[in-house]
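Alright, here's a single protein chain in two forms, structure 1 and structure 2, each given by itself as structure tokens.
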Structure 1
Amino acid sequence: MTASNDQNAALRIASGRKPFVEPLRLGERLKEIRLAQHWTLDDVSQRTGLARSTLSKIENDQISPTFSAVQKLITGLGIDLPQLLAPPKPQSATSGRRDLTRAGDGQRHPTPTYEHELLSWQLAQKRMIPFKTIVRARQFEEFTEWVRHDGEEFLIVLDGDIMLYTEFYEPLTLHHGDSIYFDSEMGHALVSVSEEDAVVLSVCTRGDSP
């Protein structure tokens, strides 16, 4: 090989166009296997004996599993090592999904404190859960316990004013047009402080629970 060819090969490698080895995407592959079986992280934890937090870190490439952890994974999931190490299947860039909800056509879920209207409710396996809520509660004491659920939540006030109570912060007043993003595993509760019932729009991530 001439010096010129050596230089061209080095440039191709440096530019990333021709890597020597395909990176091992074990965390991504583990998540692909888990979701294909409709398992939560808790399900996999029970099957393998690995902590939920450890599994989450493996899936998010925050840690590399030890040989012992890999053995527990293939035994608990009922797979062999080549299946675990196989590269993840390529994802389609565009799914083309859509789901229209006309005004008032959401799926209603009334509670003593809220009246939820689930939007895009016919679309399965969503990454987000959007819903509109009429806040009926007028005082915090109407809640028997904190509201909490997996994932994170974005909330915007569409009408009226609310008081947002959270487990780790002082109560916060939100007016029409105000919005907030928070960890929805943290206990929280909404109370209407306007003359009429307040209305909010919330968008939640699914977390790991179905």
Structure 2
Amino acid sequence: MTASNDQNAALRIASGRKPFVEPLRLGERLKEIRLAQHWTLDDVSQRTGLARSTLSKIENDQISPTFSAVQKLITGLGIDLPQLLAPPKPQSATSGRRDLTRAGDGQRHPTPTYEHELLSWQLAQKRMIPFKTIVRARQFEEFTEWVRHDGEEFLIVLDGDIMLYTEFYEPLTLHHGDSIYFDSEMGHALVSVSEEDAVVLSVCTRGDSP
């Protein structure tokens, strides 16, 4: 054993998503898709190349399909895996969440270089993280290392002017209204270059899916 269970636990937590595998009613789901299109087992058989009997058994959870069989299914039915694995959409019907943040009411996270204000922090399971940032840094040297995190980031200047330093490009000056989109695992750092501290709005993606 070269790695401890603690490490595994850490990995699970780091992943940020429940690593649970639901009963995965794959058969049920397949049948649902099939019936939605008014297809017979023969139809699906022709499309996928899998035997009618095989399909029947999969639908009734009598066998656990091979991965290559699953591939035939998703190509043949023209769906993608998430669709096939998606539980019979429990949420979709009722997804009407919202999270209002009045100006200045965000959650503040001060650091020496930045003063972040998280904007929709009340909503837990979301795919974007929006925040407003007052850029306190005045010199690139104030950063001991690159800011870097998974995913992508969109940034727009609300007030003042900033210099955007990135790992792979020349520094870039951004003025009020300018915006930029970049892969945020590329090191990056902001400094204010205007009289006042600059203010930027950023939105980051959460690190999951490809």
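Every value quoted in this text rests on a predicted model; they were computed, and no experiment measured them. Structure 1 provides the reference sequence; residues are numbered from 1 along it. Each form is matched to the other, and the largest set of C-alpha atoms that superpose within 1.5 Å is called the rigid core.
**Student:** Please identify the form predicted on its own: structure 1 or structure 2?
**Tutor:** The chain shown first - structure 1 - is the form that fits the description.
**Student:** Does T66 move appreciably between structures 1 and 2, meaning a CA displacement of 2 Å or more on the superposed rigid core?
**Tutor:** Yes, the C-alpha position differs by at least 2 Å between structures 1 and 2.
**Student:** Answer yes if the CA of V147 moves 2 Å or more between structures 1 and 2 after aligning the rigid core, and no otherwise.
**Tutor:** Shift at V147: below 2 Å after core fit.
**Student:** Compare the position of the CA of W39 between structures 1 and 2 after a rigid core fit and state whether the shift reaches 2 Å.
**Tutor:** Indeed, W39 is displaced by 2 Å or more.
**Student:** Align on the rigid core first, then pass along the CA displacement of L50 between structures 1 and 2 in angstrom.
**Tutor:** Here L50 registers a C-alpha shift of 27.7 Å.
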